[in-house]
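In the block that follows, a single chain appears as structure tokens, in the form predicted on its own.
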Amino acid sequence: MKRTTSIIIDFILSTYFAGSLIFLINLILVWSTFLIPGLIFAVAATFFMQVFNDSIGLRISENKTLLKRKFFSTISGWFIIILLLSTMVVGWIIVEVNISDFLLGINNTRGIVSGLFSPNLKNLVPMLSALAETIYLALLATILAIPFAFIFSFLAARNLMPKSFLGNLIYILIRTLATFFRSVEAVIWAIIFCVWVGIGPFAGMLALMIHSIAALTKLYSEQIENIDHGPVEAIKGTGATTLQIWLYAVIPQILSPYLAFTIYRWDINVRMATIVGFVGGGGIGLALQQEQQLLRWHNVGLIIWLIAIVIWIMDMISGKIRARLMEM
């Protein structure tokens, strides 16, 4: 089984490396066909590393004899280095990194830099109103996400779900949905809800709530999977029901981490609420977009300072609260 796994891993990495090489070669020589040469290279590289019993796949498969060898004296070690270098080169080209544009384009930032150093304090009151809207938007999204994530986390914990067909089905379904909703960024959800309920803070709140439910479900369920099973087995031995086991054996162990995760999520939501505002989700992000489009850089500077100050204050406060909760 380990050998099969290592072969699959080596073939995937070799195929990726072959694709990177062909991409670089195509910048100089345009090939009409590249699939066959790439597959031949991948198969040959995989075969070569397997024959010499020295590959990334075998390292991942925990071949202890191989892992004891020095990194730079192995084929797999050098293959990792070459793979990383080729990835950097291909990424540099695809992203179109241009140092000269970066250095010469600094003159284009004069407006926003001047706005940062001389914010327009005359608009402080309306901007504070938009900032308060952002904070409450994030707070409400977090609070409404908690009960859903709390329930789903028990259903998404492998150690609590029965090993029956129904138990496995529920576990896989909740995990899959949580992964899907978490994978779609809050900005995308904001666009969807702006079409659904209209532009404004309500759409932004719904977007952050959906994303928070998925993210907290993952964090909560992983915390449940790491609990001490002693109390669970003790209460189960008394003939307690599933609900009683959850109430008296699981929840006391996860309450403090849950609170810490929730506060951390509110911290994240405040930051994300600014970005959500750019697509119509309300709050100070919407104001920032409007001022930027009108080239009112002094108002943009004021908004940036307000966001930075609030995030700094929340980061300090939430950090101390999480530290205290984790010590409980």
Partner chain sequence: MAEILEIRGLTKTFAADVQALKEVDITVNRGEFLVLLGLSGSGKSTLLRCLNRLIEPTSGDIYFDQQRTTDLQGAELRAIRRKFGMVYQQFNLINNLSVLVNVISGNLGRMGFWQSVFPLRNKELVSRAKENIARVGLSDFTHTRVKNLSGGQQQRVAIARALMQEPEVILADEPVASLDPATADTVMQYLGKLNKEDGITIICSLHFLSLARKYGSRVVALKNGELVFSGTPDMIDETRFQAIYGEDAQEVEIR
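Positions refer to the first chain, counted from 1. Keep in mind that this is a model prediction, so the values were computed, not measured.
Another form exists, predicted together with its partner chain; not displayed. Remarks below refer to it.
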Would Gly198 count as touching its partner chain in the predicted complex under a 4.5 Å heavy atom rule? no
Does its partner chain come within 4.5 Å of any heavy atom of Val184 in the predicted complex? no
Considering non-hydrogen atoms and a 4.5 Å limit, does its partner chain approach Pro231 in the predicted complex? yes
Do Gly91 and its partner chain share at least one heavy atom pair within 4.5 Å in the predicted complex? no
Tell me the stretch among 74 to 82, 209 to 217, 163 to 171, 232 to 240 that has any heavy atom within 4.5 angstroms of its partner chain in the predicted complex. 232 to 240
Looking at Ile191, Leu247, Val113, Leu144, which is the one with a non-hydrogen atom within 4.5 Å of its partner chain in the predicted complex? Leu247
